[in-house]
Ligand SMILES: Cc1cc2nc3c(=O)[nH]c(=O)nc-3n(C[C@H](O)[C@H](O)[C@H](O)COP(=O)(O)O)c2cc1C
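What follows is a single chain, given as structure tokens, in the form predicted on its own.
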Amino acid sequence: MNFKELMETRYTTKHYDATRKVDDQTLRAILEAVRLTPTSVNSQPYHFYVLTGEAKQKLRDGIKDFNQKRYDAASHAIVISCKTKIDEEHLKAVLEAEIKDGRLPNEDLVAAQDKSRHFFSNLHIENGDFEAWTCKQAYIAFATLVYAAHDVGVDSTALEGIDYDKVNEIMGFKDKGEACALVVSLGYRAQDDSNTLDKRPKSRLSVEQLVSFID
């Protein structure tokens, strides 16, 4: 399946089959794709919390009632958090990974990359939109997540109908310097899912409506 076909056939699942679970190997394949998500200055200013069992049940208190049924039936819940402040330990880990992977082969490039990442982080702090900036990166990762899941036959739902303060409290994000961007459920659609494309065809504005070509 090519990327256009992924875009054409992936949809938001409304009803899950609670008897089917995503196996570890499939989940790992999805997360490996998510790991490769592009971010501004390779900052990767997010974290993914994969919840099952008691941890997933505990987070249920932060899910709005109209989302709880699909949340309960889904195999996994993934909480995507974004950084709310500069985390020097995180930035150091990113830099060390780049050095290890051969991305920065000399000290001048190491220093330049570190300076650039701090510049952009500080720029958004000064602009007062640091969390908004990091959460934009989290949403790029969200897109990777749902299409990577679809590529291996796993269904997904973006859960923004949540109590963000409650989720942040349950996850202990304030003390971690993080905030919830959104929750994503993963699993397998129920046979009677109401949102399948044969029942509700995909609808988007045309290219002509969405795109302006300016010379």
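Don't overthink the numbering: it's just position in the shown sequence, from 1. Computed from a prediction, not measured in an experiment: that's the story for all the values here.
Not on display, but discussed next: the form predicted together with the named molecule.
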query: Of Ala158, Ala33, Leu51, Ala190, the one that lies within 4.5 Å of the named molecule in the model of the complex (heavy atoms); finding: Ala158
query: 4.5 Å heavy atom contact, Lys21 and the named molecule in the model of the complex; finding: no
query: Any non-hydrogen atom of Lys56 within 4.5 angstroms of the named molecule in the model of the complex; finding: no
query: Heavy atom of Phe130 within 4.5 Å of the named molecule in the model of the complex; finding: no
query: Touches the named molecule in the model of the complex: Tyr11 (any heavy atom, 4.5 Å); finding: yes
query: Segment that reaches the named molecule in the model of the complex - one of 41-49, 172-180, 25-33, 63-71, heavy atoms within 4.5 Å; finding: 63-71
query: Residues within stretch 114-149 having a non-hydrogen atom within 4.5 Å of the named molecule in the model of the complex; finding: Tyr139, Phe142
